[in-house]
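Only one chain is given next, in structure tokens, and it is the form predicted on its own.
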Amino acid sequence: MKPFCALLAVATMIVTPAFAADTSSITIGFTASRTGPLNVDSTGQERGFEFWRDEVNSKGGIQVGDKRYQVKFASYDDQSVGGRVQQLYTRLVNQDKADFLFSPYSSGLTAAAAVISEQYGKIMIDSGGAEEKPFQLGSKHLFMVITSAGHYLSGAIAALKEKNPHAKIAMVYSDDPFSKTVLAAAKEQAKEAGLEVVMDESYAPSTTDFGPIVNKIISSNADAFMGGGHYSDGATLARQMYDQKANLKWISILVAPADDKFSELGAAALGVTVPSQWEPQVNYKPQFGPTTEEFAKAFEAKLHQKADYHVASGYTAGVVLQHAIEKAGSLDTEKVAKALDQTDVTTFFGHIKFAADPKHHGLQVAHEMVLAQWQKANGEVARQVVWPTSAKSADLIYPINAGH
């Protein structure tokens, strides 16, 4: 058996059945990183997809005109490998007959999937890739529900400037499209804020020994750190900075601290901040869909775990697509795309609006992130919203424990 055939054979074994022949259902296709280094973050997003599907179906399905449609999924394990994504999305379109698509997790995988969704003219809701580049290529059917990468660390820089206008920042990040985009924008924003960037270095995403890099951070005399990438490298980096006593007063790490699993780092987690797409402490008044309290309680009751922002963003992808289909009153791609173009609403996740100009079509332009910090209160370790101050659930701790 040739390698490609072997991959598809494996994929076929784990795919959920296609339901193209069922005219009373809508099939949504996606890949998830059920294995590989993106597994932790991708799992949250997939649980959000599934939770939304189960809620919609329990209420009778999506209303399209005078008919309701149950939601079915067709999905595969992309193994966190970009090379598999285009093969699998092609299969989702041509063999599983997906009506709509959700993005994989991460900017790199989403960019690969977007090539296929645009090639076949399929709407893809992006809740896992924050890089702006796929939205600068004339895409017509790609829509991002999360804040884009260029704004990920804007809140961290503003908060750090308020605490220390002369901070010296070490920027160390994974050599992947998302992380590089985030830190490139953050570097410019830090300079504009008058902060000094004393170290700017990337590392291979597969890095597990950060010892030499931590030594460089210490030698740079940085008192603040911004960087990371995804869960595995970000959590490892936080642990090793703590173990080597990097003596930092501020740490902002991408993605990893947004997962509850990060608390397993114990003392190494305390004080670490993370830009977050959503936290359960932030309340928006939704124009449709559940409130934050309703969403968080229902998810915890069903899954016996707390929802994080990856879960919330995955759920929001479904809610926004559902809203557009019901507004369009049709499953026709162009009619639903037009409804998405006109979307300007607030959900429990925040304000959602897409750029309509051809140079940035589908890019998220309204959603705002918050900054969360791991803190210990009343014997419990938890994330607290610390920025912006109008949304805070606790005061920002600065400087953090000298052990960092």
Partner chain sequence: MLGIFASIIDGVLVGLVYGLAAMGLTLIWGVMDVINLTHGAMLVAGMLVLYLLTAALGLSPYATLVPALIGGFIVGLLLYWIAIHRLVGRPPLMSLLSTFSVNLVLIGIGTAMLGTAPFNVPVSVPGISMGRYTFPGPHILAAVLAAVIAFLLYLFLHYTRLGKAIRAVANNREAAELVAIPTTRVLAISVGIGVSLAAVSGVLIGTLFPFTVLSGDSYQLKGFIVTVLGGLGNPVGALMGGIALGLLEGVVAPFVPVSWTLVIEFSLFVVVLIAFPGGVFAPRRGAL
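From a predicted model like this one, the values you see are computed outputs, not experimental measurements. Residue numbers count along the first chain shown, from 1.
Just so you know, the form predicted together with the partner chain exists too; it's not on screen, but the next bit is about it.
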Original post:
Given that the partner chain is left out here, which of Lys216, Lys297, Lys133, Lys97 has a heavy atom within 4.5 Å of it in the predicted bound form?
Top reply: Lys216
Original post:
Only one of Val282, Leu331, Leu265, Ala185 has a non-hydrogen atom within 4.5 angstroms of the partner chain in the predicted bound form; which is it?
Top reply: Leu265
Original post:
Which of these stretches, 161-169, 109-117, 87-95, 239-247, has heavy atoms within 4.5 Å of the partner chain in the predicted bound form?
Top reply: 239-247
Original post:
Do Gly194 and the partner chain come within 4.5 Å of each other in the predicted bound form, heavy atoms counted?
Top reply: no
**OP:** Check whether Leu303 has any heavy atom within 4.5 Å of a heavy atom of the partner chain in the predicted bound form, and answer yes or no.
**Re:** no
Subject >> the partner chain contact at Tyr203 in the predicted bound form, heavy atom, 4.5 Å >> reply: yes
Subject >> Proximity of Gln287 to the partner chain in the predicted bound form, heavy atoms at 4.5 Å >> reply: no
Original post:
Is any part of 217-232 within 4.5 angstroms of the partner chain in the predicted bound form by a non-hydrogen atom, and which residues would that be?
Top reply: Ile218, Ser219, Asn221, Tyr231, Ser232
